[in-house]
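Only one chain is shown below, in structure tokens, and it's the form predicted alone.
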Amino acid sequence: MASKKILILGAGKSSYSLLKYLATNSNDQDWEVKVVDRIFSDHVLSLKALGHIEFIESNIQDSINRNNLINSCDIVISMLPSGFHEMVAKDCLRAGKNMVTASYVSNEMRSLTDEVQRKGLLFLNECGLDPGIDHMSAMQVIDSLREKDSELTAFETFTGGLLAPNNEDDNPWEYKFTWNPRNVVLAGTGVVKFIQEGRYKYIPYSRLFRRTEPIFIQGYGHFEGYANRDSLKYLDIYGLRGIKTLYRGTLRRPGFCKSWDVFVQIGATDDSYEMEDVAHMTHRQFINSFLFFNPSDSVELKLAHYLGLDLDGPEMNRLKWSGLFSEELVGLNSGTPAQILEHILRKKWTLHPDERDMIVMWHKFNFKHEGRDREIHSTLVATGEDEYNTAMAKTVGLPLGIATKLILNGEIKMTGVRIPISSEIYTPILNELGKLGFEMHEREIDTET
């Protein structure tokens, strides 16, 4: 029997655990794994020692080479930025190949549903962490409650990529970039939508980081959550029409959101226009460009006065720690405010080799069973090992790797453009994740006692 051929497009930092999983399993599963990107780190290239994995330096936008590679494989895993998925999906359709991604299903991807179905293919999306493990672990509980004839009245879910406790660096944000920094800077733009106690709620971007939820997770302490963009679409995705509360959010440590709101209020996260003379701009000048003119007041004083902040307060301290008031050059020739802010923050918000990240996922289910009000808290906490074996890379990459194995072995038979919300997909993936140490821990509470 011929070896199964796996093609991975993109080998960024978040792909390391996926590549390690595929390489490690390639001998037993009889896989040939090819990875394509423009450049590879030495650490990624060292995975060659683990199994049948080949690294090909190529521009993903070289359509001839890309199509030749896709035609020669059995399944494609796209780890490219989301804007490239439609291009890859159309190539996979022409070649008759299955496809797996960790990204949200775009309107363009959804428009391919009928053709993917007709060809008997599976394009499995949203199979990473969030989206991914959040879908699977939530639907496992929701389906279980339905089987017991329980009535789900409220569902809240939060996920955050954070710094693990006890990192040596005294970081007042308790946060660094563990995922795409651009997505962090642009998080929450647009209008947030959710349901709370039977009422539809909307939060404009300008107020988002002022409307946070305090959350305490037993054993891990206090957090704050802010709402994700559109929780309402999950009414149909999860089959929750009639539920009283549906809220999806992002976790941060207390104080983060009030400090991040400084950037939002002054316009530093705007991505709609390019700033002038960026090549000569310092960090300090970047902040000053959003403030009123006063030749005698410092940038710190103007900012504190503008937003009503204490000059010695925690918000100003976090900005100072991040280097926003320094005279260091930004280091870009051009850019939007959001791009410049991202570039400045990368200098202090990039994980050091000795730092570890942490993933925290928390679901709360309120339901009625046999006339009693009850509650389930479901929690996943994972800690990284180093700058490559991060918790983020593991919880994004391992579900993708497991799903790929299941598809190649014929254990997932569904077709179409899908996300992992059916038992056929989520049960075996969650089972293997549990064996690998990534298990949701559930605690049920009788709220009437």
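Nothing here was measured: the structure is a model prediction, and the numbers come from that model. When you see a residue number, it is the position in the sequence shown, counting from 1.
This protein has a second form, the form predicted together with a further copy of the same chain, left out of what is shown; the following refers to that one.
Visitor: Does Phe290 reach a further copy of the same chain in the predicted complex, with heavy atoms at most 4.5 Å apart?
Guide: Output for Phe290 is yes: heavy atoms within 4.5 Å of a further copy of the same chain.
Visitor: Though only this chain appears here, would Tyr200 touch a further copy of the same chain in the predicted complex if you measure heavy atom gaps against 4.5 Å?
Guide: It does: once a further copy of the same chain is placed as it appears in the predicted complex, Tyr200 has a heavy atom within 4.5 Å of it.
Visitor: Wondering, does Lys348 line up within 4.5 Å of a further copy of the same chain in the predicted complex on heavy atoms?
Guide: No.
Visitor: Is there any non-hydrogen atom of Gly96 lying within 4.5 Å of a further copy of the same chain in the predicted complex?
Guide: Because no heavy atom of Gly96 falls inside 4.5 Å of a further copy of the same chain in the predicted complex, the answer is no.
Visitor: With a further copy of the same chain left out of view, which of Asn317, Ser82, Gln196, Asn180 would have a heavy atom within 4.5 Å of it in the predicted complex?
Guide: When a further copy of the same chain is considered in the predicted complex, the option within 4.5 Å is Gln196.
Visitor: Pick from Ala164, Leu329, Ala187, Met275: which residue has any heavy atom within 4.5 angstroms of a further copy of the same chain in the predicted complex?
Guide: Exactly one listed residue reaches within 4.5 Å, namely Met275.
Visitor: If contact means a heavy atom within 4.5 Å, which one of 100-108, 354-362, 261-269, 113-121 is the stretch that engages a further copy of the same chain in the predicted complex?
Guide: Heavy-atom contact with the partner occurs in 261-269.
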